[in-house]
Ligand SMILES: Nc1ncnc2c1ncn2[C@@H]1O[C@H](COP(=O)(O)OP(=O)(O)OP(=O)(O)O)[C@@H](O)[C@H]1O
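Below you'll find only one chain, the form predicted on its own, shown as structure tokens.
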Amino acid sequence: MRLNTLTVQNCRNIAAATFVPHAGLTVIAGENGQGKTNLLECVYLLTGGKSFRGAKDQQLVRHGEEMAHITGHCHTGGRESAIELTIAGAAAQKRGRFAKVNGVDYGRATAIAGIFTAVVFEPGHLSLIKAGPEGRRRFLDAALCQLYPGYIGILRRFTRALTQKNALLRHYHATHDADALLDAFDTTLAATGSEITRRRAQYLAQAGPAAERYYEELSSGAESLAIRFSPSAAEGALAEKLAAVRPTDVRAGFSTAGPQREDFDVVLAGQSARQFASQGQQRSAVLSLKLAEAAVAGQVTGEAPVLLLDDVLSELDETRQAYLLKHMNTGQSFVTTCDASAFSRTAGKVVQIKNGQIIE
């Protein structure tokens, strides 16, 4: 997997930029607020139109402009592909994110998921262990959406049905024939939710051993890591679970069971990292998870994904920096930094960015 050229127009603070990254390591250097993360975000958007910062359309389009355009010429799947992404701002008549691949209109940008894959590691991920379960579910779903294009459709159908069910539960006593409506929603939730749980479990079964291996290397064999998934229901039993908790749902006013409640725990030396891990252990665990994400992506697609590292080296000690840099040699990597001196001897390429302009 490789990005050959990237062209950006009117995305965040980048008015117009074109650059040719290195096939290995590209270092994007600049002061804070100059557009380093914005440039990485543009690369990540090529994976299916999703921002790793959760940005809305109007946030991505440069102030005062109608549209943002991103074009990436990539080598993926053994061939060259041109991915064109258009993001409509608040002033555009047709809202949304749309994509073309080699001139063929794919419609919504989510339809191109799986063509170009990338793994991003940014400072917010360092709270993945200690933060709430929502971030861990997002970690799983972001990886799965890239690897299995149909997953995003399943996730959307589940989310839409869940939103509608929760709205009904809030007005349950004022709604005629509410139980019949809940039956319909639960049928959809059981089908889509079971598939979501199955995919998440399958993914962690692949990623878990890889994360364990990376953590063992990082700790020089002094500690062990394990991942324990807590599914919403046993396989094939979600429909029964939804029926069983309905009285609880009615009292609570929202759905209390399903994939939206799932989580996984990282266990270090037999103890939950969420409760007992030191800051250093947390960093090693998160680094292991992200490297495992890249490893699984390589296994599924047959190609190493592009690795995007947003100012994380400054958050890691020298041992973890060295370990991460060593594993970046397997494919193409982008690193943002305020200080490029640490990469002065790199075999890759260093570019500067200032006020949204790339200086090579």
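Don't overthink the numbering: it's just position in the shown sequence, from 1. Every value quoted in this text rests on a predicted model; they were computed, and no experiment measured them.
Quick note: we don't show the form predicted in complex with the named molecule, though the next part is all about it.
Comparing 320-328, 35-43, 66-74, 290-298 against the named molecule in the predicted bound form, the single stretch with non-hydrogen atoms within 4.5 angstroms of it is 35-43. For the three marked residues, R12, R53 and C338, a heavy atom of each sits within 4.5 Å of the named molecule in the predicted bound form.
In the predicted bound form, S314 stays away from the named molecule, with no heavy atom inside 4.5 Å.
For the chain shown alone, V61 is a contact residue for the named molecule in the predicted bound form, at least one non-hydrogen atom being within 4.5 angstroms. Between E41 and I196, the C-alpha separation grows by 3 Å or more in the predicted bound form, relative to the conformation displayed.
In comparison with the shown form, the Cα-Cα distance of S314 and G280 decreases by at least 3 angstroms in the predicted bound form.
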